[in-house]
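Take a look at this one chain, the form predicted alone, written out in structure tokens.
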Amino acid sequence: MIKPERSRNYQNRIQDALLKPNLQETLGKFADAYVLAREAAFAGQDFEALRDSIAEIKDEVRNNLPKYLEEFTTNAEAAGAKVFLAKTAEDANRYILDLARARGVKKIVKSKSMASEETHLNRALIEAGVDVLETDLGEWIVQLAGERPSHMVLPAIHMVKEEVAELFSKATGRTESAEIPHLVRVAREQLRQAYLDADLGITGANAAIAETGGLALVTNEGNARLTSTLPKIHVALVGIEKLVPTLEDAHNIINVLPKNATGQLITSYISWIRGAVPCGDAAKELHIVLLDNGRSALAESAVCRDALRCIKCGACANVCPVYQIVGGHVFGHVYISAIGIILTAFFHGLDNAAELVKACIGCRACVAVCPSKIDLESIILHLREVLGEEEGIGTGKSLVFKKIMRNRKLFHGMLRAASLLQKPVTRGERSIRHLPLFFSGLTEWRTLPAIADKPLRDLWNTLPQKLEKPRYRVAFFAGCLNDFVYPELGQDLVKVLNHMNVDVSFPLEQNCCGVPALYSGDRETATALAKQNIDAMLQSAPDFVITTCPTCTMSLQRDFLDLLKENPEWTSKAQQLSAITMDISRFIVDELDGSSAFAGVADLSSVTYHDSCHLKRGAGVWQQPRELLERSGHTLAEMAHSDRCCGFGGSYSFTGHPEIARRILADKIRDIETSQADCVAMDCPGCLMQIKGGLEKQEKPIRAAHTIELLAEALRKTKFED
């Protein structure tokens, strides 16, 4: 059963975060700076080749974990270290606490370690009467605040300098100014003596090298070097996923890690440790605690195991639109953002990940930036399915998906009925500006498009197509929005493709692509819809299947394959459909070589282009629509963050997290305005609904249009018009 109290608590945390303007400003500024710094850091390097290499290294260890655990343990102990494999967080904490008791430890210094956050090590030590001090600047700040890190690499990124100055003032007993150089000096003064006084130092590690039994640590402050060197006992708490076969492999990871984490070419300090680090004439101990705590279970999951490739760079948070609005204390448990959802499910239980799973908007920005090539979105979708199976998807969604959407005639009949019932609120307009009663919140921050009087399927036979010898015969998969909300886009598509001698058919048996059900965790309905659509689209044996919606494109190209991969009867059909499906812009440019067909019109409107998430990061299409717009006479004015999500996310902006979607849209509209273009173009009806609705609600004099709409207009202004 769905747990309403858990959901209410999470919603309250979201509302609290939304009331912190400093949070959004701080995270937004970092995100903007990060994108530019990362691009500069990787200049001249092949990022795809680098991420392939890291994925290969990580998969090798995951697939042969016992071998590398044994090799590392043997070599580390030969170098003088003591190695302990902790099956659980409790085992790890107990080993470290027992060691501290046995050695009479009273004071511990720690460098940054997410593994220790995962095991709640500080709490265990403090409850046992041991004084524990974080020495990483960000970690010390959140320790003083009584908080947990809000980012894996930048623990205190959510705080402004004035908040830090207030915390430092309480720690020092004097008023500290909010100037950053001063705050750094205060931290140095407060922390330096602790290294000398500490009996034990605790670090993590960025890599554990099997062939040497050594560790690699990277920091910008040098605190890990002091923590591992000055105290007489050094404990390294290391997740077993940090194992790598060779020194060269560790080097490859360290080459990528700072670039992808913060946009640095390299960190200030890289420490290589093998055996106990010398500490004057005194005897020194090195204890390496290798932490499992759910990692072995994760390795056994065929769908989720790639998450063990993670090198903890935190980049998935840096580019996440949800994280930028609510921060890691909301969009995280211990680990944050996309990777945090998955690790939380396996390390801390699905219940702790349940609301985080729903909070993901599915924009795939994390997938594009991940240096380990983890398909984070696909894994999160799987966890939604698991959650849906365990807790259900709710009575309302279950009714819509299982009883209505699977029955195409009933579903489409209800949409037709809705076009009549909406008359009192549309007042003859194509946009709904206000809704009554408890529906009013849906139109507080955007207008909504009215359902068309007649769907595209009812208009299809009125479209003239007189092609004697067409170059191709294509089938059009319209999707729900193109069919029932924006039928004019289908009419424009026919006009454009007929101009290039392509015949277009509309299979009437097509239904919803299934993404709303799949993204809600209802795999059963998504599978049923996949079968309906495969039969419908392949019935006429088209040369290609064309879409105007990238979410539908990815559903036909990718999701159907996954949904039916265990069904031999349907697998080949799904593969056949996938091979011939593509979005309209790619089809025109790549298959028809058709961008020149729109030349001849000059001085059309200036246009900026919004990259729809699933088009650019799913289908890999972004250059083709720009080429079409420029060749058809438009002046292209690139906006900032053109590929940042608009906040639509289907049901996400309606029943999921509309308050987050609203903030994301506001950022997108600012970028559109700043471009000073007359029109914003896009290739997704969902993005069109979101962006056009926001522009209309704010009464901005900027047009929103689908690329195919602008191409059809260009044809009407040329000699090619029929």
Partner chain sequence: MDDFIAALTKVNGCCEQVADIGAAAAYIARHSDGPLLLPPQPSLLRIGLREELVRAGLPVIDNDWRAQAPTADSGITGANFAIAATGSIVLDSTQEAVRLASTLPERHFVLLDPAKILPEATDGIPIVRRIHQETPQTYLAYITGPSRTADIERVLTIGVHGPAELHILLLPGLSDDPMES
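All figures in this text were calculated on a predicted structure; none of them were measured in a lab. Positions refer to the first chain, counted from 1.
This next part talks about the form predicted in complex with its partner chain, which is not shown.
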Within 4.5 Å of its partner chain in the predicted complex, do I157, R192 and T212 each have at least one heavy atom?
yes
Contact test in the predicted complex: L628 vs its partner chain, heavy atoms, 4.5 Å:
no
Heavy atom to heavy atom, is T135 within 4.5 Å of its partner chain in the predicted complex?
yes
Residue-level question: is I270 within 4.5 Å of its partner chain in the predicted complex, judged on heavy atoms?
yes
Could you confirm whether G275 comes within 4.5 Å of its partner chain in the predicted complex, counting heavy atoms only?
yes
To test your reading of this chain, name the stretch in 114 to 122, 549 to 557, 636 to 644, 158 to 166 whose heavy atoms come within 4.5 Å of its partner chain in the predicted complex.
158 to 166
Please tell me which of N567, T74, Q264, Q623 lies within 4.5 Å of its partner chain in the predicted complex, judged by heavy atoms.
Q264
Partner-free chain; cross-checking its partner chain in the predicted complex, the single residue of R225, K397, R457, K616 with a heavy atom within 4.5 Å is R225
Any residue of 231 to 261 with a heavy atom within 4.5 Å of its partner chain in the predicted complex counts; write them all down in order.
K232, T246, L247, E248, H251
